[in-house]
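Shown here is one chain on its own, the form predicted alone, set out as structure tokens.
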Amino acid sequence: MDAIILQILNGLDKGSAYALIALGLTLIFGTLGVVNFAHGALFMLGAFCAVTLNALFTLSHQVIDPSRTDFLGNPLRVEIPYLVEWFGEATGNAIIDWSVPLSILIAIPVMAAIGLAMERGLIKHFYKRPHADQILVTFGLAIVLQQVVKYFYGANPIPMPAPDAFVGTYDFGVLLGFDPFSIMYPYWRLVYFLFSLVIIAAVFAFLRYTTFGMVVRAGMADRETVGLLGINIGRRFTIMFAIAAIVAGLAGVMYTPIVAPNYNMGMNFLVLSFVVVVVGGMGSLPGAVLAGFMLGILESFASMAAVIDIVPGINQVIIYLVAIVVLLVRPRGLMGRKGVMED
């Protein structure tokens, strides 16, 4: 039982990333009808927002520390971060320690600006083009963004520390009545799962309970009719593209302590996230979230040693096998709208 619970936790962790990326993909497809293969690059750019802010926070200069000497008795030169010098040791180190969560404040406007520039500068010209054209141009854009990041940050992963308050593991065994230390799980992965729930809830609440969101949902169902009412639905959809970029960016920011950011991390999630969107149903926001967590848990269980011993390599293909079965039985996906992907 403890192994099962641990795999469910692992699945929720993976499913959180899948669900957040798939949610943004579905927002774009549902509003603009665009298959955005650059969405994984937005996830990657969000992660590098955290990398950049951490690098800025840790900028330092050398000062002479008379309390420390080398073997000749000369005072040592030590690196002191500017933040420590400006705000004091306690406050400065605390800001550096919390650089990943603080990156959210930077990532929101940066990702909104990137999303708006991407939609207005490129994607709007492909609204009425075939999906194949959209895939090609957005995939090309993703490669360009990858190479730009590689040029400035290098090809090697850049480790990002979680705040000290969330370093270590939480004892789930005691919480659930098991023996102590039987189910241990990293604190930050739990934080990421809770964070994803907050973002998902915020997006759904925005779409359901705000006038802006209600108009967007109406436009997703019937864009022409909403346009006839004198509403500039195109402008609202552009804003939704920016919101989708923010969601992907925030997912990337908070994922940095789990997997060290590198220029290729967006592609690693992109294909799987598209499978999640297709399984959940193209254009269905609840379907994207449901499929994200469901496939994350399935992948986690398929990664168990006992399962791999029986079916070697099943953890590499389980998501695709599920997608094949779902699409054979229900071409629109689990919660897809009628007529979408059924032609």
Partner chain sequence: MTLIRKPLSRRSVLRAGAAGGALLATPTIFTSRAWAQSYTNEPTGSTVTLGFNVPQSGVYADEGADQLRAYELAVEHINGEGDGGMMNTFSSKALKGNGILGKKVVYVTGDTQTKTDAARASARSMIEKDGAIMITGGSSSGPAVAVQALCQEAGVIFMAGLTHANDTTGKDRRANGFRHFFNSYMSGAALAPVLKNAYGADRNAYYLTADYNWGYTTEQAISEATEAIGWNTVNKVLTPLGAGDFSSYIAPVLQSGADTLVLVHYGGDMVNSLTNAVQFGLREAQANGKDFQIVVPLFSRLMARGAGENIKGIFGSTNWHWSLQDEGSQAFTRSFGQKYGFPPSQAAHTVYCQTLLYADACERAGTFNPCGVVEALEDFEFDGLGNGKTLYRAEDHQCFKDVLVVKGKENPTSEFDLLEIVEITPAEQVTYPHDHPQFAGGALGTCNPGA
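Whichever C-alpha set is largest while still superposing within 1.5 Å between the two forms counts as the rigid core. Residue numbers count along the first chain shown, from 1. All values reported here derive from a predicted model rather than from experimental measurement.
Below, we refer to the form predicted together with the partner chain, which is not included among the displayed structures.
Though the partner is left out of this view, T52 does not reach within 4.5 Å of the partner chain in the predicted complex, counting heavy atoms only.
The shortest heavy atom separation between A201 and the partner chain in the predicted complex exceeds 4.5 Å. Contact check for S60: no non-hydrogen atom falls within 4.5 Å of the partner chain in the predicted complex.
Using a 4.5 angstroms threshold between heavy atoms, F241 stays clear of the partner chain in the predicted complex. Per the 4.5 Å heavy atom criterion, the partner chain in the predicted complex is contacted by stretch 309 to 317, the sole one of 281 to 289, 44 to 52, 26 to 34, 309 to 317. Just one of A221, A117, A94, L76 comes within 4.5 Å of the partner chain in the predicted complex, counting any heavy atom, and that one is L76. Interface residue among G168, G121, G88, P130 relative to the partner chain in the predicted complex, by the heavy atom within 4.5 Å criterion: G168. Using a 4.5 Å cut-off on any heavy atom, the residues of 147 to 174 that reach the partner chain in the predicted complex are, in sequence order, K150, G154, A155, N156, P157, P159, G168, T169. Relative to the superposed rigid core, D222 undergoes a CA displacement smaller than 2 Å between this form and the one not shown. Fitting the two forms on the rigid core leaves the C-alpha of A113 displaced by under 2 angstroms between this form and the one not shown. A movement of the C-alpha atom of P180 reaching 2 angstroms or beyond is seen between this form and the one not shown when the two forms are aligned on their rigid core.
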